[in-house]
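We begin with a single chain expressed as structure tokens, specifically the form predicted on its own.
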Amino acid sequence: YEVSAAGVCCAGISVPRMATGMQEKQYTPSLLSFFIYNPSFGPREGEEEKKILFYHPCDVEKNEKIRNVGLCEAIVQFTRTFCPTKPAKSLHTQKNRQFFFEPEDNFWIVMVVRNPMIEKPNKDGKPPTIEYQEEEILDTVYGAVLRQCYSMYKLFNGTFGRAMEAGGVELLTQKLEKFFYRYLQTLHLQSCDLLDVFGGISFFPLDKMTYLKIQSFVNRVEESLSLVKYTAFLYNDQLIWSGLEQDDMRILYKYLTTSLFPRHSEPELAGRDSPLRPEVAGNLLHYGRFLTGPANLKDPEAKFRFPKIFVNKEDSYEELHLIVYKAMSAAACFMISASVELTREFCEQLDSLVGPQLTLLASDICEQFNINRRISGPDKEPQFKFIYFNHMNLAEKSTIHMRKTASVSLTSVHPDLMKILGDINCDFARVDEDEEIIVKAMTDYWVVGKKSDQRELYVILNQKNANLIEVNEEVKRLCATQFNNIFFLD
């Protein structure tokens, strides 16, 4: 067994595997089990089951659950002797990899992922040979996925400690069951990559005038509807304005773009945000609707219940109603203190105030977007495939990911190249200095990673006969065209 204690990561670059037999089967990483335990809940012999707060899959036999949790406890305790301040983060075995995370004192979350494998057929009717690809999984990527699971739980339920105070172990286990039963079905481990490590936010590029219109809209709404505490504004699944703290917005953004918006994919309205005719705007016809809360305001049976979220506030957190209201491709999130009861009158007031304004704004943004697109030329396969991330404002941009939907993240490059990007990121994480790494992959691709002043840029170039100097020039050209106002150290 190879125990990788805190921060240790393997930088093994995978070599593309040539298919030898036509019947070879490839299996991607998959979730074997996911459990949450607290060792202080069953300290005595015979009480081990009390430690287990949640276990997936639920049909596992009781003794096996106890055994698996006991093994994790032992690993964590054993590795503590080497590094008391940093507990174990992962355990590498031939068939799987286990990830450990202690988000709150004594509460441990464990995720076990089966390694990808290749099944090779044998002659003479012998059972097939299974080859596990132990180095294909990156600790940084799946460690980030595990932390995200907790952040998402906390967004909708608050901390584990909060549930314990409100109703003890019983309430906590109920909340964990209810949340993770559904959430784990949305984990698609085969398409996790570097973007999961960053957990960034894609920002929508806007000219100053349109940005000011949006800021003025937010100010007007917050003034007219004094109950609104925080507002966030998105267009085309990209963020334009947020009044929340960065860490809260980061996880809310993840929920909106991978869960809520895909569930309500837009019906074709107004020719996909075609700029509105003035007479339509004059009649204040609008396309606004609630994505959370009442599906139809005119329905006398409509329910005015909104999801509640928890956001950080100095040393504690506050509970808020989350109202998401959408018109065409523009979405506004309004957050209101959970202590206030939201009524039909309030929702009607919000609908009549926000609907027409948001419809016009969506039309303005669309017009601006179309002008910019005409200037920059038609949509073609980007010449440069790159991922950019800024640690200071969490901005991310990728021309590698064509579409990240609820169920799958489509990348336009081979998984082996995504693995190299992850390896370079691991190397960057080990040191604080700025640096650059250039890798020539087996498939004639060049992969370049630049880390400069809290920003990271990863570029994939398909230039078979290029040399180092030419690759360097090409990356400089990319920085000049795509990031001309961002300072990168040479």
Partner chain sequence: MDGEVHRAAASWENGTLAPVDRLRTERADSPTPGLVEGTEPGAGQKSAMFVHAQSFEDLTAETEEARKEAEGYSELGKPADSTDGIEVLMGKDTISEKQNKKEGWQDSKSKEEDVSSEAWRSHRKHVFVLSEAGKPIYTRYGTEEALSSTMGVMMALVSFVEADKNIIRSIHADGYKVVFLSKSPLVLVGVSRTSQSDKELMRELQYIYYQIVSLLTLTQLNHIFQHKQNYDLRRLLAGSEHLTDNLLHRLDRDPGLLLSAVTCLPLASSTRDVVSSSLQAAKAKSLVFSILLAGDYLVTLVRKKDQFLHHIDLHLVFNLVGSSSSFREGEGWTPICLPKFNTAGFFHAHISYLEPASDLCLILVSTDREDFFNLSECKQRFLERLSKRNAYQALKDALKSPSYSVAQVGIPELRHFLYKSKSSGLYTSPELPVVYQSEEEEERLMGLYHDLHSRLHHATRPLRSIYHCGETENLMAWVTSGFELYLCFSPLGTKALAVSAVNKLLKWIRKEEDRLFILSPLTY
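Residue numbers count along the first chain shown, from 1. Note that this is a predicted model, so its numbers are computed, not measured.
There is another form of the same protein, the form predicted in complex with the partner chain; it is not shown, and what comes next is about it.
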| property | result |
| --- | --- |
| The unique member of L212, L71, I371, A295 whose heavy atoms fall within 4.5 Å of the partner chain in the model of the complex | L71 |
| Residue among L172, M111, A232, L138 with a heavy atom within 4.5 Å of the partner chain in the model of the complex | L138 |
| The partner chain contact in the model of the complex: E48, any heavy atom under 4.5 Å | no |
| Residue contact check: A429 to the partner chain in the model of the complex, 4.5 Å heavy atom | no |
| Contact of A441 with the partner chain in the model of the complex (heavy atom, 4.5 Å) | yes |
| H414: touches the partner chain in the model of the complex, heavy atom cutoff 4.5 angstroms | yes |
| Contact at S90, T93 and N462 by the partner chain in the model of the complex, all three, heavy atom at most 4.5 Å | yes |
| Interface segment, criterion being heavy atoms within 4.5 Å of the partner chain in the model of the complex, picked from 224 to 232, 194 to 202, 79 to 87, 311 to 319 | 79 to 87 |
| In the model of the complex: members of 468 to 482 within 4.5 Å of the partner chain, any heavy atom | L468, I469, N472 |
